[in-house]
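The chain that follows stands alone, in the form predicted alone, written as structure tokens.
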């Protein structure tokens, strides 16, 4: 196995990896990028299921680092679909000539830190063999929701029909015309896919364990006026984005839910419902911290479902109860609840009685066999940590990352983990990541990491690693902040609750994109507080 050296290895060629490559290459670092897929785009390369769409407005879900790029790209819809977002990623890769430093169809098998040399030894795998590399820095741009979770269902290997997962959709597409299909799961991907599948298939049976709150997107074509307003004011609007709570500009109503009358509260909710999107959750300032206030929003959504779904029993099954709205990932849909008024759609409640097994002709539930031509699993991902654990990552003294994180991920700022020098995670656990507009969080993390590498290079520093105390303090801060909200009251994938045996710990940082950015900036201003360095310049400074 041949061995080469470079300054930085990047794992992943999604939006994080692309921006990392662009920045580092421009700063004079030698860079290699490894991508498991055959093309760029990350999440938007793999998630090609029918109806896949972003829940952040298109004008805000894009890079801000290049003004010409911002001005030249035109979005066709208010909320862009997967094909258009992938086209955008491909445009960026071509515009900045990034593909020449990306090795596609390549997985990273292992990454091991050498205590003697202070370098990372990387091993890759391809269909034709592997490669060994030595790199000073290793940056994981592997994404937060990129490892598909397929249920361990007895008999599934004996099923004779087609099986699909929304996160690993065939790139050539699937024609379900005339088929009887099952959809297992009603999270974000299921809620987006089911209306499209129902319009094509002969019959769709939806198996629902936990109903989800979903808001209408009210999607439509991008208007020239709206796009122009953004393009003419991008500098100021981007700066505003960076210091918001979610990384998106939304109309936030800074009053509590019970500070107004019931009639006014309903009017506020109705107006935001008609506008569409997640801005509904900005109706009042206490919805994620006060259960009683939250219940007013939750009941408004339930009543919308009751008004939409003609069968009262089905409506009640679809109306989420028992957990606060927004504490599971809020869904944004196009005609989801209306779909259950179709004659070719059935809902099966598996909350009390799970699917028993698969058989050659379909699925068995509550003693009944359902026959299907295809089964679609919309069962989500092993979020935040799953993809990292697929790589054999070993830090100082051969300690495995999966062992250190056995009881839950531990990071400092979501950027690094003690005992794993020169290993960075982009939008890792302990950062706003999945609770934010990912494009804003990605750019902030990439800029922080690349600025850090430049600073180290200028000072002759070879190794950076967080202090254990700084990591402990940050983990505690992340948990304390989370428990000031209603989020931990829900068995969500934010808590790892969708993966059997996974520790229950709230993984992202809920303190907000803007406050988090200020914390990261303050750490740097204070001489990279909480980090320790190794290298000639650092030793000389210590001796002085």
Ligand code: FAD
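Residue numbers count along the first chain shown, from 1. Just so you know, these numbers come straight off a predicted model, no measurement behind them.
The same protein also has a form predicted in complex with the named molecule, omitted here; what follows describes it.
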- Item | Proximity to the named molecule in the model of the complex (heavy atom, within 4.5 Å), stretch among 250 to 258, 107 to 115, 363 to 371, 459 to 467 | 107 to 115
- Item | the named molecule: the contacting residue among 514, 37, 488, 50 in the model of the complex [heavy atom, 4.5 Å] | 37
- Message: Can you pick out, from 437, 417, 294, 431, the residue that has a heavy atom within 4.5 Å of the named molecule in the model of the complex?
- Response: 437
- Message: Taking the named molecule as it sits in the model of the complex, is residue 452 in contact with it (heavy atom to heavy atom, 4.5 Å or less)?
- Response: no
- Any chance residue 24 has a heavy atom within 4.5 Å of the named molecule in the model of the complex? no
- Query: Is residue 29 close enough to the named molecule in the model of the complex to count, meaning some heavy atom within 4.5 Å?
  - Reply: no
- Item | Close approach of residue 206 to the named molecule in the model of the complex, 4.5 Å, heavy atom | no
- Query: If you look in the model of the complex, which residues in 314 to 331 sit within 4.5 Å of the named molecule (heavy atoms)?
  - Reply: 329
